[in-house]
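Just one chain follows, in the form predicted alone, and it is written as structure tokens.
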Amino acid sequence: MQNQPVLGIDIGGSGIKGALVDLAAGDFAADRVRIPTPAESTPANVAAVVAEIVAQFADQMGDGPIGITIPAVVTHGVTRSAANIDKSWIDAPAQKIFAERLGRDVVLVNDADAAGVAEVKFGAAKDHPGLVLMTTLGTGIGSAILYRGVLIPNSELGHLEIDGHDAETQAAASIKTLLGLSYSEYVPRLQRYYERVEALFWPDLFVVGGGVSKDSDKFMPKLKLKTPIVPAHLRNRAGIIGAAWLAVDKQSNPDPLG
């Protein structure tokens, strides 16, 4: 895609991580840096931490855009929700806040969308020709929909109503931990979730990320679906790699809606 390493930054509820990404290889070009997310995770405080991370890579990166993920719906640079970060992000002009604080172009994207892009470009769904649906099982359920490699952003399929409940309140990995469920006890919750998503979207492939994906052999073979389902390959590198890819892609293909 390009030879110059691109900085990707992944904002999470507990940590903010950044790394230079080699987009030819689809992996980090240097060691990742992590700084704890501020206890008061307001836009100004988070932007200050992001600036610290950028400063650590300033001598190794060019003047291109920076890709940043955030646990929020992002439409045209505005954060419309806030998951595990301060509620002051809701309806904040977040991309502009980062760009002004950093003094350079920024592309801001939803964290699950960035992870999905990384898995389609470089990971478990690399070069897949059809409809790929990625879910991240963690504190909640993040999702990304990609058709022939093109992202359809902000799908938020963790918030589907299933059997009268918000889906992630029943099937997120955090619920397994909270209730002390074994994988055998957790599987029916995942089965119900994925069979409903399958019936609505009929994807060609499910990719499952999040920490539980490392234990995929304990639950994936027990799911009875018509759609193939595989674990994510890039694990906790996916958000940073996807953010970097999207930053360069948007520079080449600007959003006509702003």
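Heads up: residue numbers just count along the shown sequence, starting at 1. Predicted, not measured: the structure shown is a model, and the values here were computed from it.
Separately, the form predicted in complex with a small molecule exists; it is not shown, and the next lines address it.
Proximity to the small molecule in the predicted complex, defined as a heavy atom within 4.5 Å, holds among H159, K126, H76, R104 only for H159.
For the residues L133, A171, A72, A94, the 4.5 Å heavy atom test against the small molecule in the predicted complex is passed only by A72.
Of the candidate stretches 111-119, 145-153, 95-103, 176-184, only 111-119 contains residues with a heavy atom within 4.5 Å of the small molecule in the predicted complex. Proximity of N84 to the small molecule in the predicted complex falls within the 4.5 Å heavy atom cutoff. Proximity of I141 to the small molecule in the predicted complex: non-hydrogen atoms within 4.5 Å are present.
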